[in-house]
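Here we start with a single chain on its own, the form predicted alone, put down as C-alpha cells.
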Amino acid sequence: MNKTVVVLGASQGIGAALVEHMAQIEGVHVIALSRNLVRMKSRFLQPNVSCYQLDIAKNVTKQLNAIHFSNPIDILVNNAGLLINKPFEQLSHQDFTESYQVNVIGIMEATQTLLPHLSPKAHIVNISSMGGFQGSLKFAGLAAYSTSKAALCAFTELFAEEFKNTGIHMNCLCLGAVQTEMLSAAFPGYVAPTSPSEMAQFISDFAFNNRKHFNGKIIPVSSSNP
C-alpha cells in the first residue's frame, strides 16, 4: 500500500490520534495540518508524518497553496472543529462567525483548494457531530456548533452530487461523544464512552476500506446520547 493521507485539525483529540494510528500502517504517508505546528512536531516523530501549519479560520487557500504536495492525496479527513457552549441569547456575532468558519466554511475552502491534488479515487471524510445529525437529541448551548455541523452534512451531500461522475467520494461521519480536550472544555466533568484512539481506529478503517460502498452519506457513529 502506498497512500497519502491528509488530516485537518491534527494537533489534538481525534485528529492527533488519527495521525498516530494511520502512521502505523505500512506504506502510508500522513500529512498533518493544524494551526499548532509546535505541538504537532513535538508529538509526531514518525518519519512518515509531515506537519504543516494551517489555521482553518483564515486565508485557507493561501496557506494550502504554500504547501508542496508531492503525491496525489488518497484520503482527506476534514476533522477541524470548534465547539462553543453558550446559551443562545448570549452568543455573539463573532461566536457564530468563528463556528461556521472553522466547522464548515474553512472545510469547504480547504477541500476546494485540495481538489487538484486528489487522486482519481480519493475518499474525503468529513467529521461532523451527532449534534448536527437530523433527528438526533439536541443539547442546549450548542446552537452555533450544531447548526454549523449540520451544514457540513449538507455540504457532503451536495459535493457527492456534483462529483458523482468522478471517482472522488465524500462521506460524513457524525460522531457521538469522544473524550477529547474540546469536549472537556465544553462539558467539564462529563466522561465520554469513547476514547480518541478508539474513534481514530474506526475512522481510519472507514476511510481506507469503505470508499466504494458509500458516497454522499451521513453516517451516525455513536453508542450513547450525546
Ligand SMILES: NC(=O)c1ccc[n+]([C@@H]2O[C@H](COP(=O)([O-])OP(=O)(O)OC[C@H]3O[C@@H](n4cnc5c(N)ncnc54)[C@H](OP(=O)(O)O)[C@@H]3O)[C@@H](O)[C@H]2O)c1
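For every residue, the number given is its place in the sequence shown, counted from 1. Everything quoted here is computed from the prediction, not taken from an experiment.
One more form of this protein, predicted together with the named molecule, exists but is not displayed; see below.
K.L.:
Should the three residues Gly13, Ala57 and Ser128 be counted as contacting the named molecule in the predicted complex, with contact defined as a heavy atom within 4.5 Å for each?
P.N.:
Every residue of the candidate spot has a heavy atom within 4.5 Å of the named molecule in the predicted complex.
K.L.:
May I ask you to check whether Leu175 falls inside a 4.5 Å heavy atom distance of the named molecule in the predicted complex?
P.N.:
Heavy-atom contact with the named molecule at 4.5 Å: present for Leu175.
K.L.:
Indicate whether the named molecule has at least one heavy atom within 4.5 Å of a heavy atom of Ala80 in the predicted complex.
P.N.:
Result yes; Ala80 sits at the interface with the named molecule in the predicted complex.
K.L.:
May I ask you to check whether Lys149 falls inside a 4.5 Å heavy atom distance of the named molecule in the predicted complex?
P.N.:
Yes, Lys149 is a contact residue.
K.L.:
Using the partner position in the predicted complex, report whether Phe133 sits within 4.5 Å of the named molecule, counting heavy atoms only.
P.N.:
Outside the cut-off, so no.
K.L.:
Out of Val28, Ala160, Ile67, Leu183, which one falls within 4.5 Å of the named molecule in the predicted complex, going by heavy atoms?
P.N.:
Contact with the named molecule in the predicted complex is made by Leu183 alone.
K.L.:
Could you tell me which stretch in 111 to 119, 134 to 142, 80 to 88, 67 to 75 has residues with non-hydrogen atoms within 4.5 Å of the named molecule in the predicted complex?
P.N.:
One stretch meets the cut-off, namely 80 to 88.
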